[in-house]
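Taking the form predicted alone, here's one chain by itself in structure tokens.
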């Protein structure tokens, strides 16, 4: 018996979410491949430079917002249902949030793809950040609003299950899979306040022509209120996998239950107040608040370091159970022939590299060196594009058999896929970082300047362009392998009552050693709101007083 046999209703919902996620992954991934070839001038036969920005928007929105949100919804449906041992409370409600998100996704996608239709009035070439002065068709903003509301409803669904479970289990501790899902959603509720205010209060009325002018600093600030915390909305489900499942895939057990809970609490507290570090170059926000954002951003290194220690310790325990010895030789005893493990482990390695480049982004002074250069997408292709995306793909090899009752097919291709992704991303992100240090800009189809030559610290511009193009091609091949394995397994995998070993062992240091206060959601949620108010209340009040619909009002740095 596996998940689909015990919880058939939840399995159906999780699979539906994965279908939308993988369609978005396929389209967004293809757009990324085209960009890699176009921008480096290796091949420009797919689209012209004007259409490049439509593809760039599609790449960012479909991968960063849609693929992640739907995969996370499917993952949390699996985790909450399994750990609370109960199907969703009301399937009509559960399907309503899924369809709301899907309708919103279709609307936003139609608006983006409309940019590829000649003379179409429906366009949304506004990039993933979509704040003014770039303007999209109302369909785009309304679609994103529906996705947001649907995600809130999904979170409420999991809290509903938790409350029902709590009534029947008043003295039990929150199961770790449910704990991580609920704290991720608490963080999501906090950070999306800014997004909701921006989209519903400003962008939809502006796109409909109800207002004609908007002071750009306010929506830009509201976006970054959400825009950095959303990175943790993507990363925490990857942590979810690394903490709860990767130790089992390693052959061991989670090192510490309490460390896991502490990490998620810290992310709830600190994820949102850090948004100003994306606005170091913006006038109109005082240096003091930018410093506050830098300090809280640096504090977020703490849960990442705790994660590094806990996850590596859990993997080492697994390797030693398999006969591993010595300080480092145990690494060779890890299951490097299992695709789910390999993908998660390589994703973790890439995340460590992305963490180092992220420290450059977070520093107020050295950030200027790489501000708005291709270094920045180089960084988030390590974090979101690998730590998150590769983890999601890898754990699909372990989850899919549970959700379908079918064994995985083409295991050799599934094993090649994460190694190929790692190689492709190493080439591409390495070149992006070095090109960024040379000052090559981001967000442009034409990074070349007439009469100007970039001066790389080492290597040549031509070599870096080819690395990006080759890396992007390898990533595309890896993506095709992943989709092929998933579709083949889903449609034609051998049926089995036990298609995969889905047992998750108890932590080495279990919940009996975890202080009860860590489960106090009201306490941590309240503290998170207080920290956000301290960071944002005064600057936002000042921007509102400066005139919401009066662009050109003088910024007032203090």
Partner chain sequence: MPEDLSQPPESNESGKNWEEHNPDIEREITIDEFQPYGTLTLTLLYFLIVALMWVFMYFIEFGGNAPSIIE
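Numbering follows the first chain given and starts at 1. Quick caveat, the model's predicted, so the values are computed rather than measured.
Another form exists, predicted together with the partner chain; not displayed. Remarks below refer to it.
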Proximity of residue 506 to the partner chain in the model of the complex, heavy atoms at 4.5 Å: yes
Contact label in the model of the complex: residue 450 to the partner chain, heavy atom within 4.5 Å: no
Contact label in the model of the complex: residue 253 to the partner chain, heavy atom within 4.5 Å: yes
Residue contact check: residue 498 to the partner chain in the model of the complex, 4.5 Å heavy atom: yes
Answer range among 400 to 408, 383 to 391, 465 to 473, 312 to 320 for contact with the partner chain, defined in the model of the complex as heavy atoms within 4.5 Å: 312 to 320
Contact assignment for the partner chain in the model of the complex, among 208, 106, 305, 287, heavy atom within 4.5 Å: 305
Selected contact from 369, 156, 91, 281, since only one has a non-hydrogen atom within 4.5 angstroms of the partner chain in the model of the complex: 369
Members of 4 to 22 lying within 4.5 angstroms of the partner chain, judged by heavy atom, in the model of the complex: 6, 7
